[in-house]
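Shown next as structure tokens: one chain only, the form predicted alone.
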């Protein structure tokens, strides 16, 4: 597990990096340095992690620790690792960790060549700001990926230090894992935006549309928490109301709402998968044939 003598360095003091540094320091672990590209981010990191060495020079920061947490945007992880390894800032026997949900360990290849153990730990959570990240990280599931049992155990210990629940994830499954996370969170926001646009067109201007929808959204999330996806499904597909589904499709086609139509058909097919156990075979087939005509 993560060792008491580890000296942590955060490379990339954004929302997640700053929150992780704060949570580690709260457990009594040493966060030796934080490196950020902007002075504004450094100032914020200093407020959450007082006493840590703050710098815009990632190499200088990395040389102060033996556990490097690279929390930069995904596209910058490999370059950051190469820069650190080329500058001799990665020590043999140290740990280099990234927190991307989609990327494998190949982006840390330079660290492995320098003699470090590498891992990925990704919190299955969404963070709008540092304060929210500090609140949400404890209790969140973390996907843990590493190439040897010893490093896996060390990474799981790191997750537990943060208050998270580690779940082992094979490297080849990372893209599917991340796809699931994007659909559950990011595309959910996009879906609510699509509903918001429809409500705005019927007179609920500005924030009124979202305010009207939020109790419904929150009620649905509550049902998911209590009942799971299959039992939480309500609405025309769950009831087998083909006439209502047909009205929806006709209206979207009539008004030439192509994006809404495609989303509705795709998601209704997933809803039909959930509802089939409670519908007659003929009713399910009739609904599938209806959806096929609008594909």
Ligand SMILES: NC(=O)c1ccc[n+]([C@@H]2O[C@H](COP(=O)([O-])OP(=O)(O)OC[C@H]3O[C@@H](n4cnc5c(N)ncnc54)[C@H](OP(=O)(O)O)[C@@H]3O)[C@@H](O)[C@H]2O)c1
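Just so we're clear, the structure is a prediction, and the values are computed from it rather than from any experiment. Positions refer to the first chain, counted from 1.
Quick note: we don't show the form predicted together with the ligand, though the next part is all about it.
For the marked spot (9, 53 and 66), a heavy atom within 4.5 Å of the ligand in the model of the complex is absent from each of the three residues. A heavy atom within 4.5 Å of the ligand in the model of the complex is found for exactly one of 209, 162, 77, 105: 77. 126 is the sole member of 126, 86, 200, 223 with a non-hydrogen atom within 4.5 Å of the ligand in the model of the complex. Although the partner is absent here, residue 72 lies within 4.5 Å of the ligand in the model of the complex, judged by heavy atoms.
At least one heavy atom of residue 36 is located within 4.5 Å of the ligand in the model of the complex. Looking at residue 16, you'd find a heavy atom of it within 4.5 angstroms of the ligand in the model of the complex. In the model of the complex, the ligand stays beyond 4.5 Å of every heavy atom belonging to residue 151. Contact annotation: the ligand lies within 4.5 Å of heavy atoms from the stretch 93-101 in the model of the complex, the single such stretch among 213-221, 200-208, 93-101, 164-172.
Residues of 189-207 placing a heavy atom within 4.5 Å of the ligand in the model of the complex: none.
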